[in-house]
Each structure stands twice: as C-alpha cells, then as structure tokens.
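Before any questions on binding or motion, here is one chain by itself as structure tokens, the form predicted alone.
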C-alpha cells in the first residue's frame, strides 16, 4: 500500500527544478574536465551535451512510470515483482543513495584538505558536516527543498567568475572539432555519468511534490540548466588549458578560481570552496533523506529512527576512505553503479512496468 504524505509536507511543482539541478551539480563540477578529456580530448565538451540529452530521456521515462504507479519507486517495484522481491530491489536503491551521499561528502572533505587545511582530520570535519545534515534532514522534506533553493541562489553568482578565465583563453585549443572517434565520445559520455547522477532521487521524493505531473517540465528545465553549466565550464576549461596541462590538473575549476583577482581579496579559491559547501550540502541532505524515506516505505521504519544510524554509517565510510586512490575508487564504484542503474535499469523498469500496466488494463476491461 502506498504511503501518501500529508498536504502540509508537499512542495510546489516548480521546486522540482531546484531539487533536480542541485543533485546534479556538486563536487563533480570542480574537476570533471580532466576525466572526460582522457578519452575525447578537446572534443569532450560534446559528450557533456550528448550525456545530458540521454538524461532528459531518462527523466521522461521516470515520470511515465511514476504517473502510472501513482507512487514512488517502491510502488513501481511492487507492481512488477511483488512486495518481497520488489522490496529487495528498493533496498538496493536505498543503499545506493547512501553511497551517493558518502561519495559527495568524502570528495568535498578531500577538497578542503587539499586546498585549505591539509592537516585537518577527516573525522572532525565529517562529524561537523553530518551534524548539519542531521539538522536539515530531521526538519523534513520541505526544509531540505528550501536548502536546495537557497544553494542555487548562493552558487549561481560563481558562474560569472568564468569571465576571468575567458580573458586568457584560446579558442584554438578546442579545434579541430569532431577529431575523435565514436568510441571516444561513448567513453567520455560514460565518464560524465557521475556528474549527472542524482536526478534518480526523484523516484523516491515524487509523492512529496504537489500535483507531481505538473513538475515534469520543471525537472526537465533543471536538467537543461545542469547541461548548460557543465558545457560552459567544459568549453572554458578546454579553451584555457592545453591538453597536456589538463592531464595534470585534478581540480580544473578550482585552479581557474586561483586567477580571480579582486582589490579586496587575494585567495578567492578559499571563498569559492566555502561557498561551495552550500552547493554540496543539499546533495548530501537529499540523498540521506531518500535513504530514510526508502527504509520507511520498505520496512515501515520511522525516518527519525533510521536517520542517526544512517549518518553513523556514512561517518564510518568517510573515515575508511583515506587517500586519493581510495577516494577515486569510491567515485569509480558509485559512478559505475549509477551508470548501470540509469542507463540500463531505468529503461528496463520502464518497459516492464508498461507491460504490467497494459496487462492489468486488459484484465480490467475484460
């Protein structure tokens, strides 16, 4: 049986724009350029667009499923496989959401350790940030949505800093166009997966959107804004850096912030990283909320009872992944899991659910 939230816990349809976009723009935008350039070189910015178009299609599929099930991912799984087996698949998605939150948190902590405070303990900053996450998530979905809204307001002005890099860029660095094979574009598109992950959280918070069918256009606009931001950032980076420089630049966007100059501040990257906390925080909060929501839907456990154990497990995870190689491994694992989930599982689920609904309608008509 589907658990419908109360009216006072719902958010307006246009907030889907902020929820979708906020989950797709986090720590990934600070250093994705190097990874996609490994396969497609200066043409990799095109893979950003092709990957984004696929995300538009997947969002459309998700809305079709959710409308037909009149619920969330748990309801879709139960429609297809029953409560027991469907609950198992829903549990796997819930665990995946937890790893997504862990990946974002641990990667942001690494940014702080590399760029600001090299000697700070991982467990200390993790504990502080998770306490903040607890404060927001315990307030409910509306509070988490409000955080996503304000994160966009705080993070958007940083887009204008790209002007400083554009002044010293060379457009010839991204020429000639279409200089790589289809296979190279495919690999680059696959690499972009981790940056576009997060929209699939829609599968759990869909019932919390008032008149959810009206939110689809806002979700699609959220994806479009993410594509636009990633494309501008990629083109700017490929025009500024040579391919040789980009291979050795782990945090390309952060390095570009170092050239920002104002009369009243010298090291702007410190300010940028601090502001970026408000961009990253909703990523973690939405994913953690989805974990607690998933356990409530599957096992009827209250969200306030599962929140602290989930945060403790995430805290343990941040301590276990210690160096760059281990954090890279974590990112690769989550990216691979997300790749198979969004590009294979969602289309498969879409087809199976369509078939189940079609059979049910026939039986009902008969």
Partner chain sequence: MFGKRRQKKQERSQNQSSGQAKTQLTFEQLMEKCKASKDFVSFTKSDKHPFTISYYKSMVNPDLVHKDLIPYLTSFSSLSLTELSQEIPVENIEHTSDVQTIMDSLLTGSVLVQSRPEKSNCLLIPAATAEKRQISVPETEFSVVGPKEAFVESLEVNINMVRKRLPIPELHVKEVTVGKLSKTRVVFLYIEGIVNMENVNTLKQRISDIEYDHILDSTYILQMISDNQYSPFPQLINTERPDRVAAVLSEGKVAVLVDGSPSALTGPTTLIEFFSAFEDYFLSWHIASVFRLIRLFGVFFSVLSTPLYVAVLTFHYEMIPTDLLGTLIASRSGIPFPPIVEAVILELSIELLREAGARLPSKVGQTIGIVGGIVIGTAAVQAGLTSNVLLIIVALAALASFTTPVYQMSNTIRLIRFPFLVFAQFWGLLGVAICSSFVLGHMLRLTSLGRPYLAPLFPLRVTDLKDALFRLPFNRQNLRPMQMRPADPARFNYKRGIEKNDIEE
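The structure presented is a predicted model; accordingly, all values stated were derived computationally and were not measured. Residue numbers count along the first chain shown, from 1.
Omitted here: the form predicted together with the partner chain. The next part is about that form.
Only one of 216-224, 276-284, 82-90, 186-194 places residue heavy atoms within 4.5 angstroms of the partner chain in the predicted bound form, namely 276-284. Just one of 132, 158, 232, 166 comes within 4.5 Å of the partner chain in the predicted bound form, counting any heavy atom, and that one is 132. Residue 143 is the only one of 152, 228, 95, 143 with a heavy atom lying within 4.5 Å of the partner chain in the predicted bound form. For residue 267, a non-hydrogen atom is located within 4.5 Å of the partner chain in the predicted bound form, even though that partner is not displayed. The partner chain in the predicted bound form comes within 4.5 Å of no heavy atom belonging to residue 345. In the predicted bound form, at least one heavy atom of residue 136 sits within 4.5 Å of a heavy atom of the partner chain. Although the partner is absent here, residue 76 sits far enough away that none of its heavy atoms falls within 4.5 Å of the partner chain in the predicted bound form. Residue 108 is the sole member of 91-111 found to place a heavy atom within 4.5 Å of the partner chain in the predicted bound form.
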